[in-house]
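So this first bit is one chain, no partners, the form predicted on its own, shown in structure tokens.
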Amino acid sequence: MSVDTTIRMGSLNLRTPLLTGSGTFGYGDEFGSIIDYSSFGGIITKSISLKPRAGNPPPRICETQSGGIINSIGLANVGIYNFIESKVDTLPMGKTEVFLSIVGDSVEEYVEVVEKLEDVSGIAGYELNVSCPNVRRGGLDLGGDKEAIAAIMSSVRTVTGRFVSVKLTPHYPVIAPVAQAAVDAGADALTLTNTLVGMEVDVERRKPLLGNVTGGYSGPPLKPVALAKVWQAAQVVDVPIWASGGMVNGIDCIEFLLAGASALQLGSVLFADPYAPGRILNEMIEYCERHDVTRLSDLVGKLETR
């Protein structure tokens, strides 16, 4: 039995629903010698800002005793000018679709970064990071209400016709109004979700394990939270949802498809196993073969709740 793994989203046709989560795959060049891009529908770069960011003080990442990891990178990046000069040529365009993650401290910064990237050919689209939990400005503050998110999205839409997804935080008790606001402002997709705020303590030293004290909690324990947010958003918006949160195997990914996701971002699992995408895709195909499903896209939103 042959299973069609392609996913259609607007004008985009992804080879598979698997994407890389922003911040877990660098700019794509770091994995070039070991990754088989045929497993991916696309990659999402680490976030790019207007000016270079040094990021947070080390230590920047730690494992937790309850499972998962906490990172406090602080959106360290080379800035848009250095990115265009030194990173664009290393992007795996032609091998897979490339989406650029964008971050800013103001609406104007998001717009300026996107404007500068419009002259770069081969880019499939953008992901607007409005919800990073490990920066002291912007992040959750800027993306903390639906009016701010709508202002960012609508302003970005005036300067680009490319595909744009808005990445939302899981910290909203009710995700539906924020999701709807982003879509009404012009978002082509939603990414659900970013990491949760977390921390870990070294009790012997009585100090936090991270230099920034708190950071973004990700990995398998985040999956139930992300799964619920995907399902809740899928009830109210009619755009593709990019799921992000705790997927480590094919069955995890099938759960998110059934809940309403169209694409699936792999993140923390890539740190443990950079070859995981090929295994995960095969596990998804095996599931389809067991259940006589001929297209992965036929599973999107097919969760039976009654």
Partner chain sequence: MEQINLPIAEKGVVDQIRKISDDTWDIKVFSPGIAKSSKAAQFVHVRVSEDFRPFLRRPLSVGPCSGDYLRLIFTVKGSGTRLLAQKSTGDVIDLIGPLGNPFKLPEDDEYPIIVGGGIGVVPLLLLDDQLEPDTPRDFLLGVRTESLLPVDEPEIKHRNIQIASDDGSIGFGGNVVQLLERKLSKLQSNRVVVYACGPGMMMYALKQVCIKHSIKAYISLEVPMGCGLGACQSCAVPRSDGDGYLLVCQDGPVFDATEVLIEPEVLR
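Residue numbers count along the first chain shown, from 1. Predicted model only: the values in this text are computed from it and were never measured.
One more form of this protein, predicted together with the partner chain, exists but is not displayed; see below.
Enquirer: Of 50, 239, 248, 258, which residue is found within 4.5 angstroms of the partner chain in the model of the complex when only non-hydrogen atoms are counted?
Expert: When the partner chain is considered in the model of the complex, the option within 4.5 Å is 248.
Enquirer: Using a 4.5 angstroms cut-off on non-hydrogen atoms, would residue 253 count as touching the partner chain in the model of the complex?
Expert: Residue 253: no, not in contact with the partner chain in the model of the complex.
Enquirer: For residue 31, is any heavy atom within 4.5 Å of the partner chain in the model of the complex, or not?
Expert: Residue 31: yes, in contact with the partner chain in the model of the complex.
Enquirer: Residue 38: heavy atom within 4.5 Å of the partner chain in the model of the complex?
Expert: No, residue 38 stays farther than 4.5 Å from the partner chain in the model of the complex.
Enquirer: With a 4.5 Å heavy atom cut-off, would you call residue 278 a contact of the partner chain in the model of the complex?
Expert: No, residue 278 is distant from the partner.
Enquirer: Looking at heavy atoms inside 4.5 Å, which stretch does the partner chain contact in the model of the complex, given the options 222 to 230, 73 to 81, 162 to 170, 97 to 105?
Expert: Residues of 73 to 81 come within 4.5 Å of the partner.
Enquirer: Heavy atoms within 4.5 Å of the partner chain in the model of the complex is the criterion; list the residues of 15 to 54 that meet it.
Expert: Stretch hits, in order: 23, 24, 25, 26, 30, 31, 33, 34, 46, 54.
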